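As a starting point, one isolated chain is supplied in structure tokens, in the form predicted alone.
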């Protein structure tokens, strides 16, 4: 089983957290999508050109949530569990964190790297608006539970951790005490610590390159 990914990609980190939580062994290949040759080579693996993508015995499994669903029966702990209602709520939180937190944090981060005159203020305002809604939602949720879907670490938490990691830089949540406590719980997990450590050199190089 081989994972094509990049250590600073939030969706790659989401899958890595799931793999580390389960202790599943896999091969890995870092994909540099900004390198023309690297991108061209990867298109032969996955024509859509997005990461991460898992190849298992010739079977292609793209998209972070689908990859986690694919590996969930391979080892414990289960990251999607319960009856139809609970599993639906797990997937709902997963999508909420991906679409309205992670993607908007990415927008703010990449817009911040542009000269002020080239920034899309309308896009920035929309992203901040949706992040604020998510923070209000999360602050309420984590007043009553340890993790996204109760008191167990599940798939939605794999999605939240990378997004909050970058949000610290561009959309701080320090005024939200319940989110802060949730973040402390996330960062106490070895899986989350590991993706942070693996990404740190690449993040530093990326920020230095874009600051030049």
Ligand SMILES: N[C@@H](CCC(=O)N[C@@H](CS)C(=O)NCC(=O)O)C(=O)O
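Worth saying up front: this structure is predicted, and the values here are computed from it rather than measured. Residue numbers count along the first chain shown, from 1.
What comes next is about the form predicted together with the named molecule, which is not displayed.
Enquirer: The named molecule is absent from this chain, but in the predicted complex, do 4, 30 and 55 each have a non-hydrogen atom within 4.5 Å of it?
Expert: Zero of three within 4.5 Å in the predicted complex.
Enquirer: Have a look at 22-30, 157-165, 179-187, 57-65 and name the one stretch with heavy atoms inside 4.5 Å of the named molecule in the predicted complex.
Expert: Checking each option against the 4.5 Å cut-off leaves 57-65.
Enquirer: Is there a heavy atom of residue 51 no more than 4.5 Å from a heavy atom of the named molecule in the predicted complex?
Expert: The answer is yes: residue 51 has a heavy atom within 4.5 Å of the named molecule.
Enquirer: Please run the contact check for residue 141 against the named molecule in the predicted complex: heavy atoms, 4.5 angstroms, yes or no?
Expert: Although the named molecule is absent here, residue 141 would stay clear of it in the predicted complex, with no heavy atoms inside 4.5 Å.
Enquirer: Can you check whether residue 130 is within 4.5 Å of the named molecule in the predicted complex, heavy atom basis?
Expert: Residue 130: no, not in contact with the named molecule in the predicted complex.
Enquirer: Residue 98: heavy atom within 4.5 Å of the named molecule in the predicted complex?
Expert: Residue-level check for residue 98: yes, a contact with the named molecule.
Enquirer: Scan 1-36 and note down the residues that get a heavy atom within 4.5 Å of the named molecule in the predicted complex; none is a fine answer too.
Expert: In sequence order, 9, 10, 11, 33 come within 4.5 Å of the partner.
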